[in-house]
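Read the single chain below, which is given as structure tokens and is the form predicted alone.
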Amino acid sequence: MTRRVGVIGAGTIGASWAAYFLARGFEVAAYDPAPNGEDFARRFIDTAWPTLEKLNVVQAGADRKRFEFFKDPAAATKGAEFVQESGPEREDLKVDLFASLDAALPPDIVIATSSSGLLASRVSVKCKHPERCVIGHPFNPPHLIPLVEVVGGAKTSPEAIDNAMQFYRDIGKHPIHIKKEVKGHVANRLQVALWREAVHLVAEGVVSVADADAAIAYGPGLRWALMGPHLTFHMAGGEGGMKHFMDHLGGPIQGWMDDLGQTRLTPDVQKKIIDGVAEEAAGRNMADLQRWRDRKLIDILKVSGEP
């Protein structure tokens, strides 16, 4: 019997999840309140499918026709072994949605939200079974990027965390367990920390928007496609590893840390960034940029062995 996943919210993130679940051999039952929700999701899946085939993600027997769309979220969860919610990033909406999903599902079924920054403890506050509610935050686009951040709330059970981690591993994702709830989880906080300094350097006239991006894309970003900052600096320490790195560069780096900016996104700063990005995009529209990004991601994923 084909396994089944419920996808609640089938916009850009939810439809991407749906395409990936279908490629891994699941039936997908989806819900989205948008008038064009079903058409959008089906178009997204059709567009994503050739990319998933190129990456050898599509399992033997997988069929994108195993996609059903429902007008009621509870109906879309019937028979699901796992539910991935990807609605708008609004706590009030998610609280009510999670309460309705919780009421419709057996208590052992994990409900995961794709939220990029909300807390599981808050989202599940009206649930009778908050112990099965988790954050399952993917990186955009979920059908390509392996990372999933799994975060429990104050009442989430260890079993739910284990089940979510195993589910994502089994479908070829790279889940990480975040042990404490923090706004924005981990990957987004790391992204924003870097972006804050990039904005500061642009605002101070040190560098242009395009060159700030180039400083990452053609430098550390290439290494970050393979390893994170800790292992990168460990290797920078040579045979002595991280200890040698700390002994010789810890002091100077602390000075750089102390000198990092605290720029605010004032209207003037926002305009400088917006204008700089428009110049960097050089007339390419969003569809052009997405196609370019996805082509490059496919190449990187093939080299790195992910997913």
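This is a predicted model, so every value here is computed, not measured. Numbers for residues come from their place in the sequence shown, where the first is 1.
Just so it is clear, the following notes concern the form predicted together with a small molecule, a form of the same protein that is not shown.
Contact with the small molecule in the predicted complex, defined as any heavy atom within 4.5 Å, is confined among 46 to 54, 255 to 263, 238 to 246, 27 to 35 to 27 to 35.
Interface residue remark: residue 10 is counted as part of the site for the small molecule in the predicted complex, having a heavy atom within 4.5 Å. Contact between residue 132 and the small molecule in the predicted complex is not found at the 4.5 Å heavy atom cutoff.
Proximity of residue 97 to the small molecule in the predicted complex falls within the 4.5 Å heavy atom cutoff. Though the partner is left out of this view, residue 77 does not reach within 4.5 Å of the small molecule in the predicted complex, counting heavy atoms only. For the candidate spot formed by 87, 116 and 138, every residue has a non-hydrogen atom within 4.5 angstroms of the small molecule in the predicted complex.
Proximity to the small molecule in the predicted complex, defined as a heavy atom within 4.5 Å, singles out one entry of 215, 145, 93, 165, which is 93.
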